[in-house]
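Just the one chain here, the form predicted alone, laid out as structure tokens.
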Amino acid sequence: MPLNIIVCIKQVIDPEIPASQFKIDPGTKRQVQGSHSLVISAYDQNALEVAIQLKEKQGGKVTAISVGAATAATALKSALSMGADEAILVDDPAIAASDQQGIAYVLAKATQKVGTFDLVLTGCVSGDWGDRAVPAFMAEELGIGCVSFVSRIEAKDGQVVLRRVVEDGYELIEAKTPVLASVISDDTNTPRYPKLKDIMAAGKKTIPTWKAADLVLDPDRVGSGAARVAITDVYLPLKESKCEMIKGDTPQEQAANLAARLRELKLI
């Protein structure tokens, strides 16, 4: 059966930057972008790969949606180059500083505006804040089921079978569509490298931008005024290290002194 799939992606600062270059703006309590490159959040890429594989097997359509600034169009074009059919950016100052529930509400309204859908896929956790709440909130907004930590999805007999990772293995869940799944990384959903011709084709496409008015958003549910979660402080942890030389005239004496010191520190 052909599947209409929505994939929610988030653009984040490349997490591979050296720790020494990671900086926090004390005013906004956000990571400073500076000259660092922006990428699709890692688990969102896994979700996108799952969607594209399903489309290749079953037919259908993949639509990527992102809520963010104008720069997020770059991430959406990356999604197009990987194999998404359409991409939509939701960018409006009224949405800025929304919390997890606010973003989930916006994504749900954008998904409904796209039209009929069978699957909504997200990453299992955001690549910047480490947030895991948006998928569940979004499913609630859409009034559909939510399955978390999914590594693989197959279409079968008018349903989908989701492989959900659990502590001691995995479980298979059969679900009627529409359903939302948050995706975890797996050796079967490693994001593909787009071909040069697909990158060039995606670069020529125009990404439509939807505003709050286009989605008929309730102003009382978005923005900093509607946020139920307040970020009081964000800081870089200080890591201190020191080296202590263990003395001894022989290896045996050094070993004994080391053991004594470790016992003193209550490490053994």
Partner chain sequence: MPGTLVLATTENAGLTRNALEVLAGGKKLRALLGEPVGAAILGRELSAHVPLLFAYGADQVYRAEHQLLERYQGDAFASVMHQICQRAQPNMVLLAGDSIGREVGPRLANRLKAGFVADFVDFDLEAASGRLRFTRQTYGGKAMAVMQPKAFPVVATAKLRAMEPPTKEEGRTGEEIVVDVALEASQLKTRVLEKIQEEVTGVKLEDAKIVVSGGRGVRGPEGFKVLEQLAQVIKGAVGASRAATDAGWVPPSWQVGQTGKSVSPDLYLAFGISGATQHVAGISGAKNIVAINTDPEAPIYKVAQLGVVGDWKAVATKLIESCKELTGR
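Residue numbers count along the first chain shown, from 1. This is a predicted model, so every value here is computed, not measured.
There is another form of this protein, the form predicted in complex with its partner chain, and it is not shown here; the text below is about that form.
K.L.:
Can residue 119 be called a contact residue for its partner chain in the predicted complex at 4.5 Å between heavy atoms?
P.N.:
No, residue 119 stays farther than 4.5 Å from its partner chain in the predicted complex.
K.L.:
Quick check on residue 92: any heavy atom within 4.5 Å of its partner chain in the predicted complex?
P.N.:
No, no contact at 4.5 Å.
K.L.:
Taking heavy atoms and a 4.5 Å cut-off, does residue 46 contact its partner chain in the predicted complex?
P.N.:
Judged by the heavy-atom cut-off of 4.5 Å, residue 46 is in contact with its partner chain in the predicted complex.
K.L.:
Look up in the predicted complex whether residue 262 has a non-hydrogen atom within 4.5 angstroms of its partner chain, and give yes or no.
P.N.:
Looking in the predicted complex, residue contacts with its partner chain include residue 262, since a heavy atom lies within 4.5 Å.
K.L.:
If contact means a heavy atom within 4.5 Å, which one of 84-92, 106-114, 167-175, 67-75 is the stretch that engages its partner chain in the predicted complex?
P.N.:
Within 4.5 Å of the partner lies stretch 167-175.
K.L.:
Even though the chain is shown alone, can you say which residues of 231-245 have a heavy atom within 4.5 Å of its partner chain in the predicted complex?
P.N.:
The stretch touches the partner through 231, 232, 233, 234, 235, 236, 237, 239, 240, 241, 242, 243, 244, 245.
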